[in-house]
Structures are given as C-alpha cells and as structure tokens.
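Take a look at this one chain, the form predicted on its own, written out in structure tokens.
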Amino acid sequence: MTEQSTEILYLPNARYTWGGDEFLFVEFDEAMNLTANYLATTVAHGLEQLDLPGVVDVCPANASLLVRFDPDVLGGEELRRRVQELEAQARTATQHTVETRIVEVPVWYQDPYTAEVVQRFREGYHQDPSGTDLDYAAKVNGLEDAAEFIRRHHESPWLVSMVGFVAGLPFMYQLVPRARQLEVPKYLSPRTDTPPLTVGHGGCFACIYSVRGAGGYQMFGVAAAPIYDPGQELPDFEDFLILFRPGDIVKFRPVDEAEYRAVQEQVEAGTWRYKQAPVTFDVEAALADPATYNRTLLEALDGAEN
C-alpha cells in the first residue's frame, strides 16, 4: 500500500452528533473521499442487517450517515454503541471491499434537449453566458475543448456515492486520482428547468437528473434510458423503482442520435435492459493504482451480456 493510500484509508474516528431525539448523525470526514464513503456505506449495510427494533431509516451519504430511530423503542446511547461497533469492524477488517456491480449508461452528449435549456439560462444564471456548459467545463479544467472534456468524462468509471435530492438521483464520484478529477462549479443561480435524465456536474460530482425539474448543475447530455421507474415496468426495476444504490459503479458510454432513439424504442417496448456485471470493489486497490484497477472494472463490464 502506498503512503498516500495509507493516509487516506485510516481516517480519524467518526464524529457522532444528535438531531433532536430521533436522529443520529455520523460524520466520517468533512470532505468526500473513497474511505469515508466506504465507511458510510459499510456501516449503513451493517446496521440494516442488524434489523434493530426502533431503527426507522438508514441514509448513507457521501461521507456521512444519518439514522432515524424511535427513542421509545431504542435508546440513543444503545444505538450509538451499536453503530460504533460497526464502524470499528469496518476499520479493522482484513479486506476493505464491497460486493457491488458496474452498470453501463448510454449518454447522448451535446444533445438538443439540454442545449435548448442551456441557451434559456445564460445571463444572470451562468458564469460564462457566451458559451455552452461543456465549453465552460473544458475551460475551467484546462482542457483543449468540449470534445476532450467529454472523453475524460466517459473514459473512466464513477462510484455512486449516494442517492437522493430527488427520487433516484445518483451522485457519482470519478475513480481517478484527485489531481485528474473533473471539477466544475454549479450555476451562479439555479435554473427552473432541467430535462429528465440530464447528465450534470457540480463540484466534483456527476449526477443524472431522474425527473424534470429545477437544478444548478452544468448540463452535458442526456442518458438514453430511465433510472427511476415508479411503475416498475422495465426488467431492471422489478425489485425496486430506483436503479442505483450507493456503492454501484457507473461507466458512461457515448451514443449518437440513432442509438439514442433505438434505446428509446426498447424502453417504450418494455424490453430495455442495462448492461451490467457484478464486481467486488476494493478500496485499497482503487487508491493504490487507480488506472490499473479501473481496467479490471471495465474488463468485467466488457465481458457482460447486455
């Protein structure tokens, strides 16, 4: 293990605070990183498996965890003790891995739907009203043009660090060294409109807007298939109406208009399925050699059937 990965992996103990009588907030770090997210996800899974009477909801986030509980059934100090035990187990495990999956998401970059909305929200909303969101994203990342930004956006996988804000919206963290991460500030003022399935970016996080609505992330394209299916009509949603879970790995794949339309036809026919493969995500391997580890993730996806 490298000196850098050792430093990142072993964070100080989490900070535990209360939100009134019904909420326990566990902060693993002040900033998003793979270790803090791993701890949040692992402790959340462990708490769900305990199935403690009195635990109402468990909500993992980028670098923290919020637990809602019924104090008439489960005492706060008892809950904190059980969560601290799970934290200790996660830290002292001989392997820091998560059983998850990698999912391929087809994206039409520079599509006409987000392009129209981009043009409606420039003056008073955007840092650079003269160009597009992709032009601006390339500029602030020191890249040659929008095409280079798009390539950097889809060539490496992303970790779903949390799901929320609106139903089924995934926040995604790029699995590359911090110095190579794409970072783009949000709009100066939020839009009142964002097309459904917009692929957006704010700070270091990518996202996919699951439904149409307001938003402040830069807009780069649209995903071709739903990630939120309240009617559970598509095969990938048989078990749950939301596609993504914290810990999932996402690989964006650029498509042209013809392929986008073809995917839409499969969605309408109820036959669309996401290409995906099971993987074991190893935090230490991802930190030690991101480029090599990402190739193993992408090889698993390449071998999957659509």
Partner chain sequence: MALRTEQPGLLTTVQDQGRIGYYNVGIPQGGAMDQESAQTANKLVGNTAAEAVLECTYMGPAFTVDAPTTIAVAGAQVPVLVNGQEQPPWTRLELAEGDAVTFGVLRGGARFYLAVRGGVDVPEVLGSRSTYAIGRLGGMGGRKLEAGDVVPVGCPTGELPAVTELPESLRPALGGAQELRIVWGLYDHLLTEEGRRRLVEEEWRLTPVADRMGLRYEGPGVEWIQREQPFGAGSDPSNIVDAGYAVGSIQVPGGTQPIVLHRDAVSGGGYAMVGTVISADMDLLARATPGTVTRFRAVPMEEALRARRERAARLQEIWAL
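The structure displayed is predicted, hence computed values, not measured ones. Residue numbers count along the first chain shown, from 1.
Not on display, but discussed next: the form predicted in complex with its partner chain.
- Taking the partner from elsewhere, residue 116 is found to have every heavy atom lying beyond 4.5 Å of its partner chain in the model of the complex.
- Although the partner is absent here, residue 143 lies well away from its partner chain in the model of the complex, with no heavy atom inside 4.5 Å.
- Proximity of residue 109 to its partner chain in the model of the complex: non-hydrogen atoms within 4.5 Å are absent; the residue sits far from the partner.
- In the model of the complex, residue 149 stays away from its partner chain, with no heavy atom inside 4.5 Å.
- In short, of 86-94, 70-78, 116-124, 101-109 it is 70-78 that has heavy atoms within 4.5 Å of its partner chain in the model of the complex.
- No member of the trio 248, 283 and 288 reaches its partner chain in the model of the complex with any non-hydrogen atom inside 4.5 Å.
- Taking a 4.5 Å heavy atom cutoff to its partner chain in the model of the complex, the contact residue among 255, 47, 61, 277 is 61.
- Residues of 166-186 lying near its partner chain in the model of the complex, listed in sequence order, are 166, 167, 168, 171, 173, 178, 181, 183, 186, the criterion being any heavy atom within 4.5 Å.
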